[in-house]
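Shown below, as structure tokens, is a lone chain in the form predicted on its own; questions about how it binds or moves come after it.
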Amino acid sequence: MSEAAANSSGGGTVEYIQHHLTNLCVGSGCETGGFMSWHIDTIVISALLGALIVFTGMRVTRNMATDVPGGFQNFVESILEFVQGSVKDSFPGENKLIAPLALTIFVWVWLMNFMDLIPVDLLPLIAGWFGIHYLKAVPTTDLNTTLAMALTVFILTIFYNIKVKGLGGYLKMFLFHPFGKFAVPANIVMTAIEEVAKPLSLGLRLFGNMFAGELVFMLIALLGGAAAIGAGLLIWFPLQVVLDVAWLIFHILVITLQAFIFMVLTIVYLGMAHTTDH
């Protein structure tokens, strides 16, 4: 239970939630949410987590044992085998980029999601000691992050569609799928909607689940904050602890599942780009 949550009861609940949902932003578009705005907390935390992946990979590779691997090496190798199995099951053909891309997506998204398990007031409190008044610690609760990753996957699917099918073959997919050559206008509309829906659903699914999870943690924190100034502390505080632990355990499954879904859909979409069915 945090001091911020305790102070938020009695009219400050909305302010408390809005404060935690506000990014550390610089640029001319921060007030209006315009294009020329930079969410510094999202960029820095995402970059640090990405650097952690690179550092860990280099460390494991440098200290790799071939005879009796240690526990952490076994853990890393189990993740590699899991991702390789997912690629083999979902991706037709062969492409040396897919497995490293899938591994990067799974681990990076999981780490960004994992930030949601840190107590909701802890990092903003520490940031406040250094004069930083806003800090949104979970990059995947920022729509810019999830849509940027989804857009990257979308660009890759277009690239491989053209590379595998050729520009003419890719355009034929818009002209003759799904209703055949006698319904070209409808085909163009339907295929365009289908293609645009892929990155949108990919990004919005991850954002929606993580944003909802973040709100639940805030509401649980507010429950403890209300109890701190009331006579029901002995009742509400244990209830908050039970709810927090229960949601924490459940949310571990959620963050892992969301990382897995993002990875699998990426593999599937790129696999579809490598087929010539249309």
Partner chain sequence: MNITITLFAQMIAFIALVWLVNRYMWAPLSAMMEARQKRIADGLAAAEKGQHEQQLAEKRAKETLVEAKNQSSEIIAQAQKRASEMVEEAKGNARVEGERILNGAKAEIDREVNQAREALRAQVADVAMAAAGKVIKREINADAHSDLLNDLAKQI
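If you're wondering where the values come from, they're calculated on a predicted model, not measured in any experiment. Numbering follows the first chain given and starts at 1.
The same protein has a further form, the form predicted together with its partner chain, not shown here; the description that follows concerns it.
Partner-proximal stretch of 163 to 171, 124 to 132, 104 to 112, 186 to 194 relative to its partner chain in the predicted bound form, 4.5 angstroms, heavy atom: Stretch with heavy atoms near the partner: 104 to 112.
Kindly confirm or deny that 260, 265 and 271 each have some heavy atom within 4.5 angstroms of its partner chain in the predicted bound form. Judged in the predicted bound form, none of 260, 265 and 271 sits within 4.5 Å of its partner chain.
So in the predicted bound form, does any heavy atom of residue 33 sit within 4.5 Å of its partner chain? Because a heavy atom of residue 33 falls inside 4.5 Å of its partner chain in the predicted bound form, the answer is yes.
For residue 60, is any heavy atom within 4.5 Å of its partner chain in the predicted bound form, or not? Taking the distances in the predicted bound form, the answer for residue 60 is yes, it comes within 4.5 Å of its partner chain.
Does its partner chain come within 4.5 Å of any heavy atom of residue 251 in the predicted bound form? Flag for residue 251 set to no.
When the contact criterion is heavy atoms within 4.5 Å, does residue 149 count as touching its partner chain in the predicted bound form? Answer yes; at least one heavy atom of residue 149 falls within 4.5 Å of its partner chain in the predicted bound form.
Under the 4.5 Å heavy atom criterion, name the residues of 205 to 220 that approach its partner chain in the predicted bound form, in sequence order. Read in sequence order, the residues that approach its partner chain (within 4.5 Å, in the predicted bound form) are 207, 211.
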